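The chain below stands alone and is given as structure tokens, in the form predicted on its own.
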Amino acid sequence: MTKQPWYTSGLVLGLVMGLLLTACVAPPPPAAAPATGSDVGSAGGGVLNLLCTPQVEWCEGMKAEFERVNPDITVNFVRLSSGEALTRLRNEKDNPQFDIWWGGPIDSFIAAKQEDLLEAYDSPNLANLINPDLMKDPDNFWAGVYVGSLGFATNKNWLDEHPDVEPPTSWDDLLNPEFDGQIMVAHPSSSGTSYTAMCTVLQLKGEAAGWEYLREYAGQVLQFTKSGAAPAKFVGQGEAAVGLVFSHDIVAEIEKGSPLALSFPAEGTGYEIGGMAIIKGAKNLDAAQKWFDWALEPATQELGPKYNAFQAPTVQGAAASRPELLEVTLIDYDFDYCGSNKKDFVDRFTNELASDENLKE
């Protein structure tokens, strides 16, 4: 697998740094009152039923911000991890309960398109994407709304108690004896974060060696979680030494005061393009298209840090809040390979390496 520094990868993330030099960042709009997740349903006036995959705080913030600029639309959202979201859409295929799905790695969106769960939409704001070849489906079934890279979170207090141990700086470091029973990561059946990590390993090492590595890696894990971001929180609380998480989620925990050290695998790390798609059979199609257009506006993509979300934007004119998180070596991540094989790879991991029962919430 070819490994590339971030500024030469197919993602063309170098444009993000260029934008930082030219973008004029407008102050964020006044904060709307926090909202809480709810079951999908209807309310007076227009309704949008949102399936939201990022952390609840960001989902709540996006709901409030969208309702502020669209006061005639009430957003009802349910927060589910990427794997849970895909499962729910499969189960509701004949009677969809959601209008739009926002957030989570595009591997799941590729799988959803293959299963005829999504509705194509040629939004005029697709023209805003930095790299349309990579950041949208060629048939306009999904679009990218943020970018993030995988990293390692190590508890600093644990490191102080183990002065001979350094934070991991390679995938192979996770197999070191000192990390036996000290790793926390989400399960790939429920988490797009964990699936991205798994598919990164399979691309870096090849499938034969990759599955052998994953067998050893699973044996090092103290406990699997349901949410991809959760290991950063639990490691920060001292429940394990190391977590495998998207780097922006690690930064969010550090901002809250968690004693975490952030490191990256030097041989290359995987990354996500967070996706968005309208659900096939959406009952509130007009509202879903309004959300889709709005999510591809520069001002919208600069809202993330307001809600402790530090992913990089995908559209021109939006400044990255933490560009240093992308100044790492990224692998040439094959989204089609990972999306097309998602069910088979997840089933194999679950059946052969680690079940998805009793996941830590």
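Quick caveat, the model's predicted, so the values are computed rather than measured. Residue numbers run from 1 along the displayed sequence.
There is also a form predicted together with pyridoxal-5'-phosphate; it is not shown, and the following applies to it.
- By the criterion of a heavy atom within 4.5 Å, residue 98 is excluded from the residues contacting pyridoxal-5'-phosphate in the model of the complex.
- In the model of the complex, no heavy atom of residue 113 sits within 4.5 Å of pyridoxal-5'-phosphate.
- Contact between residue 79 and pyridoxal-5'-phosphate in the model of the complex is found at the 4.5 Å heavy atom cutoff.
- Taking the partner from the other structure, pyridoxal-5'-phosphate in the model of the complex has a heavy atom within 4.5 Å of a heavy atom of residue 272.
- Distance criterion of 4.5 Å from any heavy atom to pyridoxal-5'-phosphate in the model of the complex singles out 146 from the list 142, 224, 152, 146.
- Judged against pyridoxal-5'-phosphate in the model of the complex with a 4.5 angstroms heavy atom cut-off, the residues 192, 249 and 311 are in contact without exception.
- Residues of just one listed stretch (66-74, 53-61, 291-299, 324-332) have heavy atoms within 4.5 Å of pyridoxal-5'-phosphate in the model of the complex: 53-61.
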